[in-house]
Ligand SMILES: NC(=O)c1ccc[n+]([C@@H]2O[C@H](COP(=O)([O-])OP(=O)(O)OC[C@H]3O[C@@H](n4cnc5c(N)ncnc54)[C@H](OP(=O)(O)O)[C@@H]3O)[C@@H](O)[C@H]2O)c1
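Presented below, as structure tokens, is a lone chain in the form predicted on its own.
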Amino acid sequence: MAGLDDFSLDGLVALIPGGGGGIGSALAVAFAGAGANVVVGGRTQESLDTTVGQVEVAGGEGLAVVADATNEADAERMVTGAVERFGRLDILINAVGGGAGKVLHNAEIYPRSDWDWIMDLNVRSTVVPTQAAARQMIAQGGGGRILNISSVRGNLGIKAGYSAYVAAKGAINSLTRQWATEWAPHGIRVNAIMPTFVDTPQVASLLADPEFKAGIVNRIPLGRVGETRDIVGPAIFLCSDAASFVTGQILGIDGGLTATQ
């Protein structure tokens, strides 16, 4: 019979590209608290070292790997680092992404350079580590768990400016379903979470605008923006044995926003 033990990540090894960021670091610490050992990847040694310190305080072992998630060699190095340090790789969380409000252009004139930047930041940064991790999971046997971070904008349009971002997150949703179908014979489960605005340093400048924040909050039935703690529970569930029959799903974490659309 299923119980609370099914939510444990005890002894599992998780790799989190983007582990130095707001959501990625929160997930790294939470996964360590649930029993996992955690490898964090990112471009800045200082932020990764901070996350590793928090992982160790939470009771896990941590490893920092400076890497660019869009680079194939760096992705392989993150996976190799996990295997050399901990012996295997069980979980991948793709926590690199963003840029939603930084390059806004009308759809009919959206510049190729900004389009490519958003696609690299969100899609390529997910595809490249996932391919490397899936190869390792298939080779070692025993299955695996992959969690992508999408956005409500993968399912919803917005009045102007976000063509590249909604396309990128829509691609993440489609890839989640495709990978779940394709890798199911290997026991690899692939799911995604789909937050609305989450209060992190990445969006601090947007949320600092009272008018902008009020516009967001007024559309969310629960009456607030998301916090990193709202991401932790669903992520642990989807990467644990409690979700052993859940794959190809995109879970909204949005305070009811998409229910109103």
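Residue indices: 1-based, along the sequence shown. Remember, predicted model here, so these are calculated numbers, not experimental data.
Form predicted in complex with the named molecule: not shown, discussed below.
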Contact flag, residue 37 vs the named molecule in the model of the complex, heavy atom cut 4.5 Å: no
Quick one: is residue 31 in contact with the named molecule in the model of the complex, heavy atoms, 4.5 Å cut-off?
no
Although the partner isn't part of this model, could you tell me whether residue 188 comes within 4.5 Å of the named molecule in the model of the complex, counting any heavy atom of the residue?
no
Answer for residue 43 alone: is it within 4.5 Å of the named molecule in the model of the complex, judged on heavy atom distances?
yes
Answer among 52 to 60, 232 to 240, 216 to 224, 65 to 73 for heavy atoms within 4.5 Å of the named molecule in the model of the complex: the stretch 65 to 73
Within 4.5 Å of the named molecule in the model of the complex - does that hold for a heavy atom of every one of 20, 95 and 169? yes
Students should find that, of 134, 121, 103, 180, the residue having a non-hydrogen atom no more than 4.5 angstroms from the named molecule in the model of the complex is 121
Those residues of 151 to 182 with a non-hydrogen atom no more than 4.5 Å from the named molecule in the model of the complex are 151, 165, 169
